[in-house]
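Listed next as structure tokens is one chain, alone, in the form predicted on its own.
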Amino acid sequence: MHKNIKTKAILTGFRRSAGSASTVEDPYVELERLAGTAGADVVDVITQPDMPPVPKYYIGSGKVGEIAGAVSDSGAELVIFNNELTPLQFRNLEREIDARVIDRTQLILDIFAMRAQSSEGKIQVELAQLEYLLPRITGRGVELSRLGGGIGTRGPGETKLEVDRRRIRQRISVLKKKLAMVEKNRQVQKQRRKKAAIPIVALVGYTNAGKSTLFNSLSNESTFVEDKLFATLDPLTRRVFISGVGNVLIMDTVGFIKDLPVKIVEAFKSTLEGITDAHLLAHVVDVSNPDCEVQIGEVEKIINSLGASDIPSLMILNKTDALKSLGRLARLKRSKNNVIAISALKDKDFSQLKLKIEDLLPDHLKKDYS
């Protein structure tokens, strides 16, 4: 998929009966946003009451038939499952449904591939895609032209499927070596920052919480901002002067999402681990989103998994200009420590936010580097 091409898509998977009538914690609201970000036009959502996955199709055979009928009626070209499918399920589903079948992991990987700008980001995304693709190759014409190949790549008696798998493994090995070199350079930069003793503030948060807008406002930058999920993928670092501290490195990180695919976490491990180098985590929250408390839990879960839970944190309740009621804002202010409410889009003066950052940074780093 490409962001300029609208592909008709049907969303499917299981739906829990509790809360299914509400947008709060409805996974298909987020899945539709992901699909839209990737360039799809969702024409239908077909779900099945929660039950144990069926080994053959993931969902029941009757529901597969319903989806096949909906594909025929709507002209949909793509069916997106809200869960990760096995290679067997992919093969069986594409045999029954006259449309391409992908799962949530593939959808997110597609968005990451579209958003990656830096050479490191592109390597990380391609590595994640290939490692996800490897066990799922079915020998049905997988396009691997950019992986190399040509004369001498096909061994005696090898099938196309075996050649494809071998070429993917070779490409994965090359990408891992490139990432190792990037990681080596990252460690050199890390040592330089440590020697300079410049405070690092990492902006973390759920995707589309407004981290990049805040990053631009604080650093007077103009990085890409869009009201879509994963609008920015590559981490950026800029110096910002804060009175009483001096120069501070503000780091904009990749947005998190519920059940972030394992392959993405593995491929972006070195980037995500940069969060552990921070002296302060600025957790940006879209307080106007009804799901924000669920999203806060997901972000905290990922921070814990990275071993960064002991780093001091500041919760920034963003998008206050879009709030229809102040109840949620007041509840979060009561229940969380070190909280400040802002509108990164509308506010012009971030002096109170900078004072909060100054208060929470370690005393030994509060020097004037100007």
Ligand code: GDP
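Predicted model, so just to flag it, every value in this text is computed and none were measured. Note that residue numbering follows the sequence shown and begins at 1.
Below: the form predicted in complex with the ligand, not depicted.
Only one of 117 to 125, 261 to 269, 201 to 209, 96 to 104 gets a heavy atom within 4.5 Å of the ligand in the model of the complex; which is it? Selected stretch: 201 to 209.
Ala344 near the ligand in the model of the complex, any heavy atom under 4.5 Å? Yes.
Gln89, heavy atom within 4.5 angstroms of the ligand in the model of the complex: No, Gln89 stays farther than 4.5 Å from the ligand in the model of the complex.
Is Ala68 close enough to the ligand in the model of the complex to count, meaning some heavy atom within 4.5 Å? No - in the model of the complex, heavy atoms of Ala68 and the ligand never come within 4.5 Å of each other.
Does Lys63 make contact with the ligand in the model of the complex, using a 4.5 Å heavy atom cut-off? No, Lys63 sits far enough from the ligand in the model of the complex that none of its heavy atoms falls within 4.5 Å.
Among Gln295, Thr213, Asn82, Gln129, which has at least one heavy atom within 4.5 Å of the ligand in the model of the complex? Going through each option in turn, the one that passes is Thr213.
Only one of Asp50, Asp321, Asp44, Asp41 has a non-hydrogen atom within 4.5 angstroms of the ligand in the model of the complex; which is it? So the residue touching the ligand in the model of the complex, by this definition, is Asp321.
Using a 4.5 Å heavy atom cutoff, which residues in 83 to 118 contact the ligand in the model of the complex? It's fine if the answer is none. If the 4.5 Å heavy-atom criterion is applied to the ligand in the model of the complex, 83 to 118 yields nothing.
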